Every structure is written in C-alpha cells, then in structure tokens.
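The chain below stands alone and is given as structure tokens, in the form predicted on its own.
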C-alpha cells in the first residue's frame, strides 16, 4: 500500500458520518495521526477503531469540513477487512486504516494506523498550486483563530490570503471567502 508520502500528508479523514481535514504522518515506516480530545474525529476513531484517508483536491471541501458537517449522502460504505468504513463519494482515492491509541496526553491522542485497504478511483493530475497549499495552511490557522482570536494567527491567515489571491484559481477564491465567513473575518 503506498498512497502516502513520507512526512505529513494532508487528507480529509472520515469516520462514521464525520469528515475533517487531518494530517497523516508517515515516518520511518510508521503511519500515525494526532487527534485532539473532545473532537468528533477523536471520539469516533477511538470508538470505531478505524479511519479513512480521502485524497481530495477541492479547497472548498477542506474549508467546509474544518468548520462544518457534511450531509449523510456524501458518505459511501465500503468493506475494509473486518470493518465497514465510510469514504467520501468525491474522493479520487482512499485508504482505510485500523486505528489504535498509541499514547494519550491531556490534550491529544497519538493514533497508530495500520493500512487495511486502498482504492484508486479517477485520479487527475494536480500541478503544484500555491493557492491551494495556502488554503490548507490558512484553514489550519483559521480553526485555531476561531477558538483563540490570536492576532498572530490572523496575520498568518492574511499572509496566506495574499498568496491565494495571487496564485489560486476561482475555487481557491471561493474557499477563501468561505473561510473568512467561518472565522468572522473583520
């Protein structure tokens, strides 16, 4: 199985009726993710024992899933080993993992992932787009800004907004406008 690269892979993770942007870490042959206590994703990964990495290149979907829930009809059931898992209908590829808590701290969980099944659907070429990459970064900062209202995070979001406006296309611009709405941008 080999959909992941070394380093942190940005995907949209699905659990039962839940989708959220996540980073899956692949280092030295180990696959892991860090989840924060209290999140829907953490609760469902721990209770269900599985997670699916959805490979998607839609900036609007990354922003939406960071702040909101998706309707039930976008999830598709798939069999993956001993589990019935849920993936997103719009993904280009997906990988299902058996998930186990490796370590728990007051704030977070380190989850070890064991690949169970991978499927490649309709892959498209995705040239490097700094606007898309900046949507990912701005969204990460936006989720933290929404909670803390830290001016430093707002500065980072504005920095990435400049890149999105310069390098992104219409879909990245739409994602940025949506992000601004979610964070109540001044």
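Residue numbers count along the first chain shown, from 1. As the structure is a computational prediction, the values presented were derived from the model and not from experiment.
Although not depicted, the form predicted in complex with a small molecule is the subject of the following passage.
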| said: Looking at heavy atoms inside 4.5 Å, which stretch does the small molecule contact in the predicted complex, given the options 155-163, 49-57, 114-122, 133-141? | reply: 133-141
| Would residue 175 count as a contact of the small molecule in the predicted complex, using a 4.5 angstroms cut-off between non-hydrogen atoms? | no
| task | Check whether residue 35 has any heavy atom within 4.5 Å of a heavy atom of the small molecule in the predicted complex, and answer yes or no. | result | yes
| request: May I ask you to state whether residue 40 is within 4.5 Å of the small molecule in the predicted complex, using heavy atom distances? | output: yes
| query | residue 168: heavy atom within 4.5 Å of the small molecule in the predicted complex? | reply | no
